[in-house]
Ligand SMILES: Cc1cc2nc3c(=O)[nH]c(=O)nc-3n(C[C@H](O)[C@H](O)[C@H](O)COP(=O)(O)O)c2cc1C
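Just one chain is shown here, as structure tokens, and it is the form predicted on its own.
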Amino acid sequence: MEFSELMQSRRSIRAFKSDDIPEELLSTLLNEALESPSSSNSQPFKVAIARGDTAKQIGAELTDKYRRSNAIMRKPLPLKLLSFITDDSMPDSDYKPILGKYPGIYQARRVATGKGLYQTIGIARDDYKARAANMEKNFSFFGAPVALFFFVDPRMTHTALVDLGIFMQSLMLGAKNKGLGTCAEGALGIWRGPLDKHFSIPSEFKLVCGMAIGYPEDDKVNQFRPDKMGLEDLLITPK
């Protein structure tokens, strides 16, 4: 694809075919993404690949934790506080996830995006059961055959997150260029425990987020594109 077409046509894919990704293709995509720039070429990140039975097991464990934590949030306050201490479904993320409102304009953009997505897939704003079920799909990777989990070395402080973001963008564009779809998922950074059970993750590396990757399903949810801010919001005016 031409670069402008690639950027304009990329979407966050939320419905995938079950078709597996050839291992050679996945390796090619990761190797291409490794050409991304990073601070002094430090490349302070690692990736765990979950596919096949491993992906199914991790997806089942994450889904169970999501369901149980959702149930806890509906309990009376005393039981909720007790569950925070005793239940292993509480988040064990390395980076505190944003679970409440975003600050200022970011919450407005978040709400507009959520509203647009729910309208696309026909979920009413007050249909909390359907909204929870839709959120739950994050933890089975929207049906994708492969899930990637991204870790950084926090000793590189903020540059590690910048470098990982550049790497992830290269990977997403490369996947789109080869007929695959992706969805970067902050929700996959909420629970680390299931990953430590399945992967030998170096203790100094911290989980940031995950990504679903696979062949897009022909589903209306994959046509949704949120509005992007314009240059008037992007650019800082000179004095």
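Computed from a predicted model, the values in this text were never measured in an experiment. The first residue of the sequence shown is number 1, and the count goes up from there.
Although not depicted, the form predicted together with the named molecule is the subject of the following passage.
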{"property": "One stretch from 36-44, 185-193, 199-207, 22-30 that, in the predicted bound form, holds residues within 4.5 Å of the named molecule by heavy atom", "result": "185-193"}
{"property": "Sole residue of 93, 113, 140, 89 within 4.5 Å of the named molecule in the predicted bound form, by heavy atom", "result": "113"}
{"property": "Non-hydrogen atom contact residue 17 with the named molecule in the predicted bound form at 4.5 angstroms", "result": "no"}
{"property": "The named molecule in the predicted bound form - contacting residues of 223-239, heavy atom within 4.5 Å", "result": "226, 228"}
